[in-house]
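Only one chain is given next, in structure tokens, and it is the form predicted alone.
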Amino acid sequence: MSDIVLEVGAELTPKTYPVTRASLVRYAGASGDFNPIHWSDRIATAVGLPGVIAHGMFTMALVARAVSEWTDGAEVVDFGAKFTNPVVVPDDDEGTSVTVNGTVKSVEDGLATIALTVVSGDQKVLGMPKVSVRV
């Protein structure tokens, strides 16, 4: 069941998802995005990245998963963000995690708008993320 309280100002239960190199391999297979910055430290660092990074759309999919869990699968009407910092995924068994927080900003005209905060470690990885769902 949904844990969403559709009242302006309601803070939704944070959702944390593990991200490992294995997660990236599975996502690459599903998406067809085999860019080596998502699996090769050598290539990632050669192009100026701090290491292998998660696919941006994989990060967005984790956010969509949180929204679906909060709203019991409500229809998403609008969803957007800017990619501001990469999710760096170390080459170990633990990887990293992405945590999604949400606050209900408005409920009107059959839509709830949720402002989101998305972090990996102590760093925000998405800028101005928000979603609107049909209620």
Partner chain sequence: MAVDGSLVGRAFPPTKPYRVTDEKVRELAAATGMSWESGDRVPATFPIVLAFDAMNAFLDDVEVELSRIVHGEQKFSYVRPIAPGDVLTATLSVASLRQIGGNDIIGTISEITDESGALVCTTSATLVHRAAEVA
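Residue numbers count along the first chain shown, from 1. As the structure is a computational prediction, the values presented were derived from the model and not from experiment.
From this point on, the text means the form predicted in complex with the partner chain, which you will not see here.
Listed residues 98, 88, 104, 74 were compared with the partner chain in the predicted complex; 74 is the one with a heavy atom within 4.5 Å.
The closest heavy atom approach of residue 41 to the partner chain in the predicted complex falls outside 4.5 Å.
Using a 4.5 angstroms threshold between heavy atoms, residue 51 stays clear of the partner chain in the predicted complex.
The partner chain is not shown here, and in the predicted complex it never comes within 4.5 Å of any heavy atom of residue 110.
In the predicted complex, none of the heavy atoms of residue 94 sits within 4.5 Å of a heavy atom of the partner chain.
In the predicted complex, the residues of 74-90 lying within 4.5 Å of the partner chain by at least one heavy atom are, in order, 74, 75, 76, 77, 78, 79, 80, 81, 82, 83.
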